[in-house]
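Have a look below at one chain only, the form predicted on its own, in structure tokens format.
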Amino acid sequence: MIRYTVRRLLWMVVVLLGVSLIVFSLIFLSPGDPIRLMLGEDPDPDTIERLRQHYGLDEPFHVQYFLWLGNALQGDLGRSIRQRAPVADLVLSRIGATIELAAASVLLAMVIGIPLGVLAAVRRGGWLDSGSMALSLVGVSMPNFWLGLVLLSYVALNVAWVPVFGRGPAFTQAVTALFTAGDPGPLWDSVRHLLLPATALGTAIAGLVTRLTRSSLLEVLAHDYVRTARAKGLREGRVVNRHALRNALLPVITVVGLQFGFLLGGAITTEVVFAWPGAGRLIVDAIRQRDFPIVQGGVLLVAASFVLINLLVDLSYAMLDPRIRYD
């Protein structure tokens, strides 16, 4: 396990170096001068040149890249051209909101998708199976930004307690306030702000989890050890929950982990629709403003989170299935 983890960590470094090079190259080749955008119309040429030297934009590509990479390895992702603040502080202050939204979406998808998938597999061929598969197909087919707009139009504007935009208190702070001060207000405020964006993001994942749970469980239920458990006289619920479902969840966990990683970078449209103050919205605003340091640092941190989540998903296999060994 230790050797496997070390190898994966080394590959993480290689992947992140590749991501950093691709992102830096694309931004370097993109049109637009961030200095001119920052200074507005008719800027002074001397001021433009001085600022370009200050931010290192007058250097060749390879010099700019290696200077940025060397600083990034020390934890310095540069300073925002527009906001005049460290990029690392800006992204880290926003990425918590993105992780919170992604976690809520994945949790909602698992709470809905796994039970529906189990019921569909156990009641194979029945109306419950057909209905859950139809719902999952609808959920997978709906774009999250379109569903978000629908929820805003027909739910948020007609249900008084559901906010239209923004984020409530951080979920972790709200839980802390509940247990320390006994105040449920912040937790309720956080949950009701999360409800619509998490639903918009989690619906497609719930449909995917439902279909995958059903197919995986049907395959496991046909194995010999499941038939042996039934032959011993165990109740069907115990056979499914204790013997079959645990192994059937391995591919589900893989997909859920990958989807969680995708949501860290793919929740941008939902964050924009619901004015959610996450890292995705910060990156979108930086792209519009040609604030290149934020784009580079934000994408690198999101990529690092994605690769780390993949590693944690792989390591979780051994906890679910003792037969799996990595050494």
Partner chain sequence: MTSERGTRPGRRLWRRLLSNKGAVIGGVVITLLIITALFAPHITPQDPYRQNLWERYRPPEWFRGERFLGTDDLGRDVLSRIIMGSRVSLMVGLVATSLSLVGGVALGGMAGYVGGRTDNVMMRLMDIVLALPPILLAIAIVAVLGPNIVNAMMAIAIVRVPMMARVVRSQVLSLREEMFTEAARAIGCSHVRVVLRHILINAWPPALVLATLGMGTAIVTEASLSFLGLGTQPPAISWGRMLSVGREAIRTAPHVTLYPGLAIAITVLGFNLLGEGLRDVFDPHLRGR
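Residue numbers count along the first chain shown, from 1. Keep in mind that this is a model prediction, so the values were computed, not measured.
The same protein also has a form predicted in complex with the partner chain, omitted here; what follows describes it.
Using a 4.5 angstroms limit between non-hydrogen atoms, F145 touches the partner chain in the model of the complex. The partner chain is not drawn, but in the model of the complex it has no heavy atom within 4.5 Å of Q83. The closest non-hydrogen atom of V63 lies beyond 4.5 Å of the partner chain in the model of the complex. Using a 4.5 angstroms limit between non-hydrogen atoms, R192 is distant from the partner chain in the model of the complex. Residues placing heavy atoms within 4.5 Å of the partner chain in the model of the complex fall in a single listed stretch, namely 209-217, out of 209-217, 100-108, 169-177, 73-81. Annotation for 112-145: interface residues with the partner chain in the model of the complex are R124, L137, V138, V140, S141, M142, P143, F145 [heavy atom within 4.5 Å].
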